[in-house]
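Below you'll find only one chain, the form predicted alone, shown as structure tokens.
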Amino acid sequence: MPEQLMQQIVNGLLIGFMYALIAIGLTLIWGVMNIVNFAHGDFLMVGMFTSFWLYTLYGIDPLFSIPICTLLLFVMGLLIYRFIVSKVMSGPMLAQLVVTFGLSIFISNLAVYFWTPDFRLIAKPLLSGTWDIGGVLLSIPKTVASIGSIVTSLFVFLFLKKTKTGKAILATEMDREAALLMGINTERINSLSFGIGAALVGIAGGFLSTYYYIYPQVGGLFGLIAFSIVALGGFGSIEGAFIAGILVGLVQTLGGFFFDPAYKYAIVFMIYLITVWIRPQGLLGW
């Protein structure tokens, strides 16, 4: 029993770190632009398929194709913001919701058209196997993905806190009008933030493709969980998204362990609803 419980805690931490990375990209977009990006999970799917096809067509292992996924999603994010999202930024909230929701449906159906709804898996990635540490098994791909998620999250945190551009992003997030008066090009910050948010799920997609099934609707569940993490951690809070991602990972695996795996997502969303009922701004929101 203690070993089984420890195994579930380890599993929860490993998936929690990945959830955190996905949610950080979403909360960055929300914090700066105050827009709900329903296509965030579909960006993740594009990152996973990019890794899959680079491996299938050119033999590039997902571990080495992550920089390509990151750059591709960054450019994709910039273009989508420039030609689609920016057009509705000054419009009503409903227009923003509809445009990103429509974008989500378009991307996932485009993936079905080109790649069929079939499930795919990278057969022999460089990362495989498990480490046995005192009877607790650590999946090597998940462990490396978790380390990558922690390092990337730390990099984003330091980028926002220590660089001039990062501080401009935070200033825009806190008060857009004041940032404009201080000479910050908020339109450029919007574009950059959307690109960075998309690039982060490109990194997450590259890591996930080493051990998770790849199919056109794979982003749906991850996107939904990312929304709950962002709300749980506090909209726009990078630190909150990281902590909430780990909490959701632990609740998911421990809920499945103590109750029933079939209810693990129901338990996650129940915890989320209770938290926002008590504290609507989330754990670290303001």
Partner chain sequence: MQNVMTKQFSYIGIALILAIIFPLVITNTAVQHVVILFFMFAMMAVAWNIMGGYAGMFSFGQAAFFGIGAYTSSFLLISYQVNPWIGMIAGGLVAAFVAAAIGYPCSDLRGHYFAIATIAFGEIVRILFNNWKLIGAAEGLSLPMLDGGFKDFMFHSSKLPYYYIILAFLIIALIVCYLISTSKMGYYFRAIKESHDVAKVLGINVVWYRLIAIMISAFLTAMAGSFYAQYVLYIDPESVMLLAISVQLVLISMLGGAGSIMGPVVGALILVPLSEFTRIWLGHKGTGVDMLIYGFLITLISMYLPKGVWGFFTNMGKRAK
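Fair warning: this is a prediction, and the values are worked out from it, not measured in the lab. Numbering follows the first chain given and starts at 1.
This protein has a second form, the form predicted in complex with its partner chain, left out of what is shown; the following refers to that one.
Of the candidate stretches 60-68, 221-229, 44-52, 238-246, only 221-229 has residues whose heavy atoms lie within 4.5 Å of its partner chain in the predicted bound form. Contact annotation for residue 276: at least one heavy atom lies within 4.5 Å of its partner chain in the predicted bound form. Contact between residue 99 and its partner chain in the predicted bound form is found at the 4.5 Å heavy atom cutoff. For the chain shown alone, residue 87 is a contact residue for its partner chain in the predicted bound form, at least one non-hydrogen atom being within 4.5 angstroms.
Among heavy atoms of residue 95, some come within 4.5 Å of its partner chain in the predicted bound form.
Within 4.5 Å of its partner chain in the predicted bound form, a heavy atom is found for all three of 30, 106 and 272. In summary, among the residues 110, 133, 174, 147, the only one with a non-hydrogen atom within 4.5 Å of its partner chain in the predicted bound form is 110. In the predicted bound form, no residue of 130-145 lies within 4.5 Å of its partner chain by any heavy atom.
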